[in-house]
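We begin with a single chain expressed as structure tokens, specifically the form predicted alone.
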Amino acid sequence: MTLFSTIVDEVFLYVRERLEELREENLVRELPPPFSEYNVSRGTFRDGGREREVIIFCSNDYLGMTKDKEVLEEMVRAILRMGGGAGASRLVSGNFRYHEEFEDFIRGFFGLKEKQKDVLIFNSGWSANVGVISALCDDNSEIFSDELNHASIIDGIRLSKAKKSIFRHTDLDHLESLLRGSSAKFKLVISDAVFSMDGDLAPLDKIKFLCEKYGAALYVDEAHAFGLFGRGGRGLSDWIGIEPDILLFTLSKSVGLFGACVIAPQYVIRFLRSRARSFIFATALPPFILAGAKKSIQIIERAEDKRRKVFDNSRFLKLKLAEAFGEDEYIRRSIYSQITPFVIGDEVSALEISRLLLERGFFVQAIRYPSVPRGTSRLRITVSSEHSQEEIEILVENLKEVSKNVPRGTLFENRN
């Protein structure tokens, strides 16, 4: 070992100690095998010198749009016309006609002009949440956030100077008590529409009522709802029949690409263009992404059969799990969404079940703290329009078989 490497090791000694703590808690993250081929519900990767095909049950590509031929052709045309990148932020030289056309398309899709609302593109749902929340909220603000909101919302709140009030998951009485006691100049209530790890739906109509009662703005993250719920896939807010003050949807899940959009009153969008750091200082999305996203949403709007297949598959999966493992609170709460949490309990058992399923050809990642609360490690099972019910049935059969040989975790023990 050289003197230089010894010095470096000493500098990072604290980091190495923290890494060891993660290892002892079974919380070290490792990348899964990289796919060499991908086709929505199936993927191929190299394992020990040979190619292995697996059935994927943990992707957010719910409608198979990553492989849609029309979308791919649209992106190729845009690449040949405009190139592979934007070259700068939109406020410098990275504003292309594809960005403008996509925003104008969304204005029409949601009918924003008549509502005096507008739209702004961000590079991801993460950058949108972090940028919007930290820009809008200062030390005269109070943010009310569901305890199971996405990590990007949590980080946006941390970056703001606002007072933070976390309400118990979908607990309207708790939210109302917090709102009643607030004297902030600006109050912002934030909730996911479909919660990404539990798969349950936010009671957005009741939250909206409380916001109006106490003078708060409602911010809804529709990441896992857009494309599936509502008229033509417009989201859970549309399905329920309410209009959030701020709405976020991503292009990385049902739309099959990446990026995000924020819809808000026109003056709020003007403010964000000047204050949202993740918009101002980030190189813009490549133009071809917006070309593909527009085409994808146009297809999704008329793809009622694809949406129905997703929900049919999800209900079938939940039914088979109930038959194999008995009734379960988590699965009951997720009955209306495409996400099914199979809660196991401890991290070791969850990782082992995931590994055993992969050996049998089923790719379902284990989800652990801090993505979920301690003691609720799980398989987060998702279905797409491309899965067959036969594949789902075989998955459940294999899950039941591999579970027999895994030491029971705290919650898993109570399932059987």
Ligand SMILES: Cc1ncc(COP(=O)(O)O)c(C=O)c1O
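Model, not experiment: these values are computed from the prediction. When you see a residue number, it is the position in the sequence shown, counting from 1.
If you look for the form predicted together with the named molecule, you will not find it shown, but the lines that follow are about it.
Contact with the named molecule in the predicted complex, judged as any non-hydrogen atom within 4.5 angstroms, is confined among 215 to 223, 82 to 90, 340 to 348, 154 to 162 to 215 to 223. In the predicted complex, at least one heavy atom of G125 sits within 4.5 Å of a heavy atom of the named molecule. In the predicted complex, no heavy atom of S254 sits within 4.5 Å of the named molecule. In the predicted complex, the named molecule sits within 4.5 Å of a heavy atom of D192. The named molecule in the predicted complex comes within 4.5 Å of no heavy atom belonging to N313.
Of the candidates T250, S334, S296, S134, T250 is the one whose heavy atoms come within 4.5 Å of the named molecule in the predicted complex; the others do not.
This chain appears without its partner; in the predicted complex, the one residue of K208, K306, K318, H150 with a heavy atom within 4.5 Å of the named molecule is H150. Contact check at 4.5 Å (heavy atoms) against the named molecule in the predicted complex: none of T66, G233 and S384 pass.
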